[in-house]
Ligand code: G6P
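Take a look at this single chain in C-alpha cells; it is the form predicted alone.
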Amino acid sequence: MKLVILGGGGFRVPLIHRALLAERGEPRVTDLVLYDVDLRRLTAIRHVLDQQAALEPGEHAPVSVSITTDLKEALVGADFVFSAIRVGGLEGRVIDERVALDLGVLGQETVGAGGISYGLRTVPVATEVARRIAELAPDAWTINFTNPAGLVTEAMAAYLGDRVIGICDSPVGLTRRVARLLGIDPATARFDYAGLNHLGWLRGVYVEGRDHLPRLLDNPEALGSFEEGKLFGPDWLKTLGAIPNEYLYYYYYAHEAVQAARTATLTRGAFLLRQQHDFYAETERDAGSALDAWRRTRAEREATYMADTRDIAGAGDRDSDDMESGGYEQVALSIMRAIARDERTVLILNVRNRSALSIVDADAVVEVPCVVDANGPHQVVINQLPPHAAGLVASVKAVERATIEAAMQGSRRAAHKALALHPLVGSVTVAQRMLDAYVEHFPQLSYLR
C-alpha cells in the first residue's frame, strides 16, 4: 500500500515510520511518500528515517521512503493519506498565543482563541488539499492529524465525506491511564466517552455490563495519582462524576491557565519553535546524528507537555506512565489495519455525528467511540452528555462553524463572530481587537473581507 504524509517534514513523522517498520500482516505499507513545502525539513526527517530503518529494520522488506514538494506526485495512487500540515509553521503558533495573551485571553492552539486564528489560516489550505485528494486519489482514506482537528476534519468532509477521519491521542491516553488504575485490560473494556476534540469526558468504563468508573471516583488517593487527577483535583472529578480530557483544564481553570501562560518564560509555541529550530539546524550540520538529535528532542518535548498547567495545579513532573499516551501513530495505524484488513476495532475518533449526540446536527464532527472495519468507522451507541457538558459542546461547535464559514466565504464578520462567541474570550470588543491583530500579523488572512 502507498501511504502519503502531508506535512512530511514534521517532527513526529519518525513515530509513524517506526510503527510501520514494526507492522506485521498483509497488506502493509510498502511505499511511504513524504510531502512538504519545506525541502530542508523533508531532508532532515529523511535522514532520521534512514537511520531508524538501519537500526530497526523490521521483519519484512524495508518500507520505501521518498520525499517530494509536488502535491500531485505525492497523491496519485495513494491508498491512505495522513494530513499533518501546519500553515504558518510554529512561528504562526507563537503569534496565535502571544496576540491573545496580550489581550488577557488564552491563546492555546486548539481550545483557545489561537485555535480560531490557526483554523482561519488552515481551513482554506486543508479544503484545497481535500479537493485534490478527491480528484487524484478518490479511493484513498484521509486521516487528519491537523489541528484544530475537529474543525479541520469537518471542513475537509465537505469534499471527502466519510472518507476523512480526525484523530487525537488524548482520549486513548486517558482511557489507558484509567484502565490501569482500575486493573482492567483496555482491550476488554467499553469506554463511554463523548464530546468534541480536546473537549470530551470519560463517563464510564464497562466490563461485561458493569461500570467500574465509580470505583475510581470513590477512591480519592487513586484519583489523585494520575495525570488528570493531578490537573483537576480529586474533588472536582468526584463532583463532575467523570474524567475530563486534559484540555478541559483550560475551561475549568481558565483564570489560572491564563496567569500561568502570561508568567511563563516561553509560551508552548515559543518553546517548541526554539527546540525544533535547534533540531533541524543540528541535523543540517551533522546529518549522521539526525536520529540521536531527534530522540533527545522528543524526550524533552514529551516531558514538558502541558508543563504550565501542571505547575499551576501543583501536579509536578509527568510520571513515566502518564507520558505513555495513546500515540497518534498507533491510532492511525489501527485505523489503517481495520480498513485494509477488515480487522474490526473500536477507537475514539473525530467523525460526522450522524445521530450519536442529540445536541448537534448530523454533519457536525464529534469525538466519539467508533467501530472501524473495512467500510470505515461507525459510531457506537453512547449515553447523552449531561447539561453542563452539552452546553459547552454546543457553544464550541457554534464557534467552529463560524470559523469554517469565515474561511470558506472570506467573511471577516463571521471570523469576528467566532472569536466573540468563544467561551474563553468573553468580550465582543476584545474579539475585534484580536481579529485586527491576527489579520495584521498574518498575510494568509488577507482574504477576510
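These numbers were taken from a predicted model, which means no experiment stands behind them. For every residue, the number given is its place in the sequence shown, counted from 1.
If you look for the form predicted together with the named molecule, you will not find it shown, but the lines that follow are about it.
- Residue contact with the named molecule in the predicted complex: residue 301 places a heavy atom within 4.5 Å of it.
- In the predicted complex, none of the heavy atoms of residue 142 sits within 4.5 Å of a heavy atom of the named molecule.
- Within 4.5 Å of some heavy atom of the named molecule in the predicted complex lies at least one heavy atom of residue 247.
- Proximity of residue 228 to the named molecule in the predicted complex: non-hydrogen atoms within 4.5 Å are absent; the residue sits far from the partner.
- Here the chain stands by itself, but in the predicted complex one stretch of 253-261, 204-212, 168-176, 68-76, 168-176, has heavy atoms within 4.5 Å of the named molecule.
- Shown without its partner, this chain lists 147, 350, 267, 283 as candidates; in the predicted complex, only 147 has a non-hydrogen atom within 4.5 angstroms of the named molecule.
- Of the residues in 96-132, only 109 comes within 4.5 Å of the named molecule in the predicted complex through at least one heavy atom.
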